[in-house]
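First, one chain by itself in structure tokens, the form predicted on its own.
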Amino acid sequence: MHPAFSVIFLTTLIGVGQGLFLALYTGQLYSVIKVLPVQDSPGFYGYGSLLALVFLVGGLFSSFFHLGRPERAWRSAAKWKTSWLSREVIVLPAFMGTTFIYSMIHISGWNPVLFSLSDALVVDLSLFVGGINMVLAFALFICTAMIYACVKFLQEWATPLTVVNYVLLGMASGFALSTAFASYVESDLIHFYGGWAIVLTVAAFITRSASLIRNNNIKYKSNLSSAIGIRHTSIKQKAQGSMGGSFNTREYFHGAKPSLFKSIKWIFLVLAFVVPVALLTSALATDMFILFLLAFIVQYIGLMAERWFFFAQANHPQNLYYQSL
């Protein structure tokens, strides 16, 4: 498939926003149950959530460049009963709105207690709204990933690993950013976020590697014989049926040279996984903000390369006829 950079930015940016919010809410939830210290500054969760919102808005903005008629974007939500894209279009604004509400609760300081589950567990408004938003965050991960995982004839995508990878990669990048944010505001949650960023990055490396191994061993259901309806043991294509390029050759094939296509895989494996783990490990030992920030930046660049490869690796069945000519 031909990777659209608008979709690459959309999926990676909102993934960071989702992961960052989940990191912040996890920190608050753990502080409620006395596992982590309570953050004295209400702006820690509030301004952190606004930072997550910046990435979400950036992802939403980039998606408009993928639309032929942006003024009709609202119609994309009409088929929510059957379309994962429509569900994403509904869940993304809902998640953005709830993230904004969550941030404003903390920044304003208006956070009344709603009820108590026990003497040790008190549920206030921010914890309740954050719980709803946590569900929306995971729902958005599923909706975004299922847009591709539900396409059965693209066998590289049609696997549960697609959903798992979208979740883990988004959370890994979000926790990496939360570590940099915690270091910048001098929070005592740096090592908590940094440790989880490393764990999530390693887990994402394992599942992404599993998907690469799976895709390298796919036995395709279609072949050139079934594509043109001719049963013969020896079929060789001489032409694609036209003198120049077409929509089929532009949109369903990445067009990159084989050497570049192969190198992208190793580039994203190093940048998205190996280098960030090394930088995070060094940063946790030295508590240097610049290393935490660099770990996130390098990982995000690697995730962009990973997402490009994810789209480019999908081999549309129509390429059996149009191939790379």
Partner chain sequence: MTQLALVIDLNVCVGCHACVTSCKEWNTSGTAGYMSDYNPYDKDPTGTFFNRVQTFEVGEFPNTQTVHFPKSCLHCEEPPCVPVCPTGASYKRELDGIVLVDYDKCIGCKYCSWACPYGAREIDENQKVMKKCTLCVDRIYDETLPESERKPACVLACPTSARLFGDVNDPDSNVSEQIRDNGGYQLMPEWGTKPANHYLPRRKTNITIHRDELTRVDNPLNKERQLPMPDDDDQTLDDIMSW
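Every value quoted in this text rests on a predicted model; they were computed, and no experiment measured them. Positions refer to the first chain, counted from 1.
What comes next is about the form predicted together with its partner chain, which is not displayed.
In short, of 188-196, 248-256, 132-140, 169-177 it is 248-256 that has heavy atoms within 4.5 Å of its partner chain in the model of the complex. By the criterion of a heavy atom within 4.5 Å, M1 is counted among the residues contacting its partner chain in the model of the complex.
Under a 4.5 angstroms non-hydrogen atom cutoff, its partner chain in the model of the complex has S222 among its neighbouring residues. F5 falls outside the set of residues with a heavy atom inside 4.5 Å of its partner chain in the model of the complex. With a 4.5 Å cutoff on heavy atoms, F311 counts as touching its partner chain in the model of the complex. Contact annotation for the candidate site: R69, S76 and L154 all lie close to its partner chain in the model of the complex (heavy atom within 4.5 Å).
Residue I228 is the only one of V202, L121, L114, I228 with a heavy atom lying within 4.5 Å of its partner chain in the model of the complex. Residues of 84-99 that come within 4.5 Å of its partner chain in the model of the complex, judged by any heavy atom, are L85, S86 in sequence order.
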